[in-house]
Every structure is written in structure tokens, then in C-alpha cells.
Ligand code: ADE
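Here's a solo chain for you in C-alpha cells, the form predicted on its own.
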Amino acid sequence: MGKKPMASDQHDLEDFIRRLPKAELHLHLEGTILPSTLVELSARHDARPITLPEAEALYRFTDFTGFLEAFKAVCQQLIGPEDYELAAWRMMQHLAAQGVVHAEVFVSVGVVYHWTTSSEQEPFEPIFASLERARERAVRELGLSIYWIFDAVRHFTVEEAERVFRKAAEMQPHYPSIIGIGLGGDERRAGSEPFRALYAEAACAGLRLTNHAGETTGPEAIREALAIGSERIGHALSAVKDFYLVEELKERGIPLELNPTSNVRTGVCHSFAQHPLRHYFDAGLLVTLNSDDPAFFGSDLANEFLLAHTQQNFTREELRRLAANSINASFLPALNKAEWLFQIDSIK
């Protein structure tokens, strides 16, 4: 059971966490849309707009399948470029307010394409242009850097994932902010092996390779993700069941994008206190804290840091190490990493 800090101590700790320069590496753009913003989007598009109580009810779910259904419903309100720009800018404002200095954000390009027939006009370029407008504004006004990760949906088809990854490779020379690819969706319905050739092709194109693995499946899913070349593993919840896998992750320095509150809210982990975050950290793995879909799970990155302290007894120096891990595990250039690491060390 975690310790409960005094109010003054907690306020001081929250201030320390906010001032720590941090990177968020596992964050879905669509998962940052709050119920109030969903109501605003619905008012733009629906003959009978969704009400705030209806929107809030949508965000209440008890398992992973319920979460996927809620996520789908929110994505359906992202129709035009203006919708994406609104969602992106609000996400960036909230990141900056938490002391996040860099984020590598999943965009569900696979969902955009899944709802587009071959006869329809190419929908993604104007959408991405709107995301870039928000990103450039964030650089100017917030001092926040953003990389985009084009995310495919593993339980759609391999052909659909190919379309997503090749679009990333096609656009990346013109948009250096497109840093890599990801593979999300329902692991229970599709593993990583069918995407091996696509990952190799993406790597040859200079894209970085991320992958959701071991969230709702066993450690074998993580091994499979590593086998196809994944550089960073999202969730990795089940690695704790395999001692030799934990040792391999440590030896290879594979960054893990951990999402404790997300795992609790989707029912794949009993509580934050029981999450293997502490076990992985103590074992010397390169672990990072992330919020995944903060609007759905009710916890942003700053709160994940606070919960690491209250629920798993992370000290201030250990929280500092988690912040440093997030910079080290990012895809930022070495010089940028060194600058942020120096600032993290200087925070008192």
C-alpha cells in the first residue's frame, strides 16, 4: 500500500513533477479528446448533437473491449481537418501545462483509411496539414516539440497497415516530424508476425518502429514484437511473467512505454500498486511513464508520476530518473537529449 502524503508535501511534489522536463512517448491523439470537446465536435456534425451527460457516459467502460468501442465512437467525430487541429492544439496545451517538453504522438491513420472507400478522395493530406499547423504553433507559443507516429490497426487487414506505413514513408521526407510507425488495436485478434515485411520496409525507409505488445496477451506477444524489429514496446504488461524476457529487455536496452492507469481502467491490471512498473524499474529496465488515452482514463502524465510516488513509493530521485528515461527513450537527436538531461539534473 502506498504512502499518503500530507497536503503541503503533495503540493510540493506536484510542483516538482510539473517542473521536471518530461517526454510522453505513448499518447494517442484521439485519446486526448475530453467529453466537452466531443460535445463541441458533435455540434459541428450531428443533426442531434450528443449531450455532455451522454458524452461522459461514453467514457465509462469496464474492460478493453468497451474501451475500443468508446475510442471508435470518438474517432467518428473527427471528420475534417479543423476537427483534428482543434484536438491537437488542446492536447498540446495540456502537455505543456504538465511540464512535458516533447511528445511522440500516435495518429490513428489506420482508422482514417478504414472508413474511406477507394472511390473517395484521398482524405489524409489535408488532415495532416492541420496537425502540422497545430504543431508549429506549439513550437512557437509553448516551446513544445512534437513527433508524429502513424499508427495502424492490427485487427484490420495487413493491406490496410501497408497503406498506413507506406504513407508515412512517402510523406516523411517532406515532414521530418513524422518519426515512425506503430501497431495498435486488439492483440487478441492479431499478433505482430504478419507485419514483419512491412516493418522491414519501414525501417529501410528510415522510420522508427514502435509496437503495442503484451497489453492483453502473454509475454510471447512481446517476443514476437521484438522479433519483427520493434524498437520500443508499448504496455509490455505481461513481460513480468517471463524472467528471461525481462533479462533480454534489460540487456538489449529496449524502452518500455508503460501506461499503468490505462491498464487498470481497461481491466488488464488490478491496481496501480500492483502494476509491474516498480518491478521493471528495480530490475534495471528502461521504463517510461505515459498516459496512453488520458481523456478516457482520467489520468495525465503528471498524475502518473504522482501515482508512482503515492502507490509505488517512487522517491523524488527515482521520479527524476523516470523523466530522464523518457528523454533517453525518445527519438530525439542526441544533442537535444543532452540538453534536456542537463535540465532534468538541475531541477531542485
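Keep in mind that this is a model prediction, so the values were computed, not measured. Each residue number is its position in the shown sequence, starting from 1.
Although it is not shown, the form predicted together with this ligand is what the next lines describe.
This ligand is not drawn, but in the model of the complex it has a heavy atom within 4.5 Å of residue 184. Contact annotation: residue 71 falls within 4.5 Å of this ligand in the model of the complex, judged by heavy atom distances. Proximity of residue 212 to this ligand in the model of the complex: non-hydrogen atoms within 4.5 Å are present. For the chain shown alone, residue 262 is a contact residue for this ligand in the model of the complex, at least one non-hydrogen atom being within 4.5 angstroms. Comparing 312-320, 275-283, 288-296, 40-48 against this ligand in the model of the complex, the single stretch with non-hydrogen atoms within 4.5 angstroms of it is 288-296. The candidate spot formed by 22, 94 and 147 lies out of contact with this ligand in the model of the complex, as no residue has a heavy atom within 4.5 Å of it. Taking this ligand as positioned in the model of the complex, the only residue of 230-246 that brings a heavy atom within 4.5 Å of it is 235.
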